[in-house]
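As a starting point, one isolated chain is supplied in structure tokens, in the form predicted on its own.
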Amino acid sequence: MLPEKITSLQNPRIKQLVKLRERRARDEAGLFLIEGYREVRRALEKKIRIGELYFSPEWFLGENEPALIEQARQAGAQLYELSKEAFAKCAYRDRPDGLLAVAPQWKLGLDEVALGAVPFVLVVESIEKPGNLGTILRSADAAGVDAVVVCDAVTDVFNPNVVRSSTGVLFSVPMVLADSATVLAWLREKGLRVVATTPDTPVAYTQADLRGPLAIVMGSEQFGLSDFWLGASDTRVRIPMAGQADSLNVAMATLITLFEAVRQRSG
């Protein structure tokens, strides 16, 4: 069947796509948006079930889009071709590339996480900014962690900015949402050491032993780690700061700490 063509900005599907930018609408529908060629491709590669794929050839940036659209169709997606104006209305990006998918949200439990022979987990507490969470997911993927555990979530993990800043890595890194107490109990049960990051310790992150079963815990942008995690930690580490700045962006700090662990664990 040929894709349904939509040109009206008042079409109910266009209105629904616009609504899905908001968390309440996403949660009520159990859906979220995947915008962009790379993000849609990675979703399909990871067998994310795409229910609908909206595309607008006037926005395409390359020549590979038709093949990806066909791949989505074969995977069961319903296709809709939008006019340039209709796509611009529902797109999240300032300069869209003509591809926008709708997929169901999912939930992964701690009991579903497959830990490696030497477990390596990243725990993030109360991250506030979607862009930071997405970037953290990219870093976690690059570092090869077994899972990212989001404790006491403030931001919506299915926010379009999380999807965008993760460049689709959201679909490949196991991610669990849970409260801090439940996560700590799970880490203890699995025998992972808890390493908390804080400026209030004399131990530099390069001086700590980050080998063996490990959970690195990062705090929120504004407040850092809570007393709960600082009190529960086996080791506290800091990133030395030589300049006037008294803190790093949490995504940058996460990257630095993770890759020190990677260096030690690969050595």
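From 1 onward, residues are counted along the sequence shown. Bear in mind the structure is a predicted one, so any value in this text is a computation, not a measurement.
Missing here is the form predicted together with a further copy of the same chain; even so, the following discussion is about that form.
May I ask you to check whether Trp229 falls inside a 4.5 Å heavy atom distance of a further copy of the same chain in the predicted complex? So Trp229 does not count as contacting a further copy of the same chain.
If we define contact as a non-hydrogen atom of the residue within 4.5 angstroms of the partner, is Val102 a contact of a further copy of the same chain in the predicted complex? No.
Can you tell me if Thr206 lies within 4.5 angstroms of a further copy of the same chain in the predicted complex, counting non-hydrogen atoms only? Because a heavy atom of Thr206 falls inside 4.5 Å of a further copy of the same chain in the predicted complex, the answer is yes.
Check Arg263 for me: does it contact a further copy of the same chain in the predicted complex (non-hydrogen atoms, 4.5 angstroms)? Arg263: yes, in contact with a further copy of the same chain in the predicted complex.
Of Pro240, Gly62, Gly51, Pro66, which one comes within 4.5 Å of a further copy of the same chain in the predicted complex, counting heavy atoms only? Looking at the other structure, the residue within range turns out to be Pro240.
Just one of Leu248, Ala25, Val18, Leu9 has a heavy atom within 4.5 angstroms of a further copy of the same chain in the predicted complex, so which one? When a further copy of the same chain is considered in the predicted complex, the option within 4.5 Å is Leu248.
Out of the stretches listed (66 to 74, 232 to 240, 210 to 218, 195 to 203), which one is close to a further copy of the same chain in the predicted complex, meaning heavy atoms within 4.5 Å? Single hit among the candidates: 232 to 240.
Listed by sequence position, which residues of 111 to 136 have a non-hydrogen atom within 4.5 angstroms of a further copy of the same chain in the predicted complex? Residue within 4.5 Å: Thr135 only.
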